[in-house]
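Take a look at this single chain, the form predicted on its own, given in structure tokens.
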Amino acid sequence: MKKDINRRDFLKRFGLGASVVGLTLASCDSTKDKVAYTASKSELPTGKMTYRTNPKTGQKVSILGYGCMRWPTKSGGSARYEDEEIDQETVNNLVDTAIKYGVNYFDTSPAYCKGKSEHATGIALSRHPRNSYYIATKLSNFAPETWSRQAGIDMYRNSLKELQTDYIDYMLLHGVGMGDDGMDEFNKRYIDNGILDFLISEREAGRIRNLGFSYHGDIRVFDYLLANHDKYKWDFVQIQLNYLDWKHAKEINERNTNAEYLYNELAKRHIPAVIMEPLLGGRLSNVPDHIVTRLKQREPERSVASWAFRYAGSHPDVLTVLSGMTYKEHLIDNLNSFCPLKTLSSEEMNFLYSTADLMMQYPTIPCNDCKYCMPCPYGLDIPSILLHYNKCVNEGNVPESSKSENYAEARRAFLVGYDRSVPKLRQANHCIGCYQCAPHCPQSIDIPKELHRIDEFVENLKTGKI
């Protein structure tokens, strides 16, 4: 634990009495992706969506963008996690509802939903007039076998085919800055093979209307691309922005960059920002109970998630805020947050920054459950292990010693919950430290180190050493 603070001290320090600790979100459950959304029971507001203007085209873009990474499967799960058939009928219904209430920006990728997202998104959107929505997709050439010029062109053309369109509204270089050497990998993916020049020519031909990139990791790449803005003329850039990452991103992981820097660098060049991870992979909707109470005391009728979405949308140079909405309650809650968007006051922004400071007292692992680390060659369920640990940290179930308050209860909650969340053959004790996972993590987590730490903690709990 980087900073020592127990549950009782936390309550005393921040003035939260026992009478309010029991406040929880009515819609919270343990189902993956259904966390901390409390959909308003009021009528959905028709014609109230807030829009931002694209400075290049003058087009109005909905401040709520639909992230198509988590389309539902027929089993009721998310295609981001499960290699199952996408429930096209439900996807169609979600898209229809989104468009009905003003959403017009849909973000997908050849890599999403195990390669199935563009196809499902294309089917759903093609049922609507082409001028009623904007498609964003990416050149997701992560694997070295896709780094040739022809492979990149083939991927781009396949996107047009799958999306049933002859032009892309918003085209991104996907995940620049990833890898141990972000600049070297960027050059191999986009410069040495001439793919960036090809995409620029496609923009000149009108088959790409806006060209940008999504940034992950190596700040040298971000700074290089902005330094060459006059050459590339970026129409937009996608960044990770939320109230925790605004000032604490580097504290969470030294390879990260604070969102304050990223946003301000774009704003001073008048480059619109598209926001990803407004919920930080769900971590800002599945916060410690004490933070839930703090937020609900301010606005009991709003969900925890709505604070994070409104925060992202309150920055004036943000074009749209992406949300991966698998379930209809996600969509409804977000529509209520953005129809219209009530921007946060400076006092409310400071309230969230102080909330972020409090959250930093809880040393969770910065896993966004993106699953880029998977599959593990030894069968470990890496995200589930890390997320169970984070859940127990948030709930005060990571005892430091047998003298800790509620030790027996916390010990049982951790160990029983671990076995329920992660099958025994996929738990941390099977990690051999091969390090095949770590280079793929956008948050630059030293995954084997964390797995070994968790395994040691589990063994100490089991044997009574803690």
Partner chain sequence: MLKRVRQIIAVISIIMVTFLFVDFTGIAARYLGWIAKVQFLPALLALNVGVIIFLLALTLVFGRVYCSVICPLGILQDGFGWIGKKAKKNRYTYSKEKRILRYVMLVLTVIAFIAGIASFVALLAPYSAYGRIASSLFAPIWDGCNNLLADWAEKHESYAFYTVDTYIKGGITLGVAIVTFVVLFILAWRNGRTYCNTICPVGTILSFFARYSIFRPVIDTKKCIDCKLCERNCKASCISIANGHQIDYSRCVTCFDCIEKCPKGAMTYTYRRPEKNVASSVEGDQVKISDADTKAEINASSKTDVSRRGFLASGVAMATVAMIEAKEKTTDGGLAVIEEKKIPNRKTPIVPPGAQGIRHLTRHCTACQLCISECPNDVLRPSTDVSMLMQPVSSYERGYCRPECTRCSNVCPTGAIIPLSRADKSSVQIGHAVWVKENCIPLTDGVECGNCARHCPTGAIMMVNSDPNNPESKKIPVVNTERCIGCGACENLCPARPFSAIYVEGHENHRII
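Numbering follows the first chain given and starts at 1. Each form is matched to the other, and the largest set of C-alpha atoms that superpose within 1.5 Å is called the rigid core. Remember, it's a predicted structure, so these values are computed and weren't measured experimentally.
The following text describes the form predicted together with the partner chain, which does not appear among the structures shown.
*Asks:* Taking 4.5 angstroms as the cut-off for heavy atoms, does residue 56 touch the partner chain in the model of the complex?
*Replies:* Residue 56: no contact with the partner chain in the model of the complex.
*Asks:* Can you check whether residue 441 is within 4.5 Å of the partner chain in the model of the complex, heavy atom basis?
*Replies:* Result no; residue 441 lies far from the partner chain in the model of the complex.
*Asks:* Examine residue 429 and determine whether its closest non-hydrogen atom to the partner chain in the model of the complex is within 4.5 angstroms.
*Replies:* Residue 429: contacts the partner chain in the model of the complex.
*Asks:* Does any heavy atom of residue 380 come within 4.5 Å of a heavy atom of the partner chain in the model of the complex?
*Replies:* Yes - in the model of the complex, heavy atoms of residue 380 and the partner chain come within 4.5 Å of each other.
*Asks:* Counting any non-hydrogen atom inside 4.5 Å, which residue from 111, 155, 360, 376 sits next to the partner chain in the model of the complex?
*Replies:* Only one listed residue qualifies here, and that residue is 376.
*Asks:* Which one of these stretches, 48-56, 413-421, 64-72, 399-407, sits within 4.5 Å of the partner chain in the model of the complex when only heavy atoms are counted?
*Replies:* In the other structure, the partner sits against 413-421.
*Asks:* Quick one: core overlaid, is residue 235 moving 2 Å or more at the Cα between the shown form and the other one?
*Replies:* It does not reach a 2 Å shift.
*Asks:* 2 Å or more on the CA of residue 387 between the shown form and the other one, with the rigid core superposed, yes or no?
*Replies:* Shift at residue 387: 2 Å or more after core fit.
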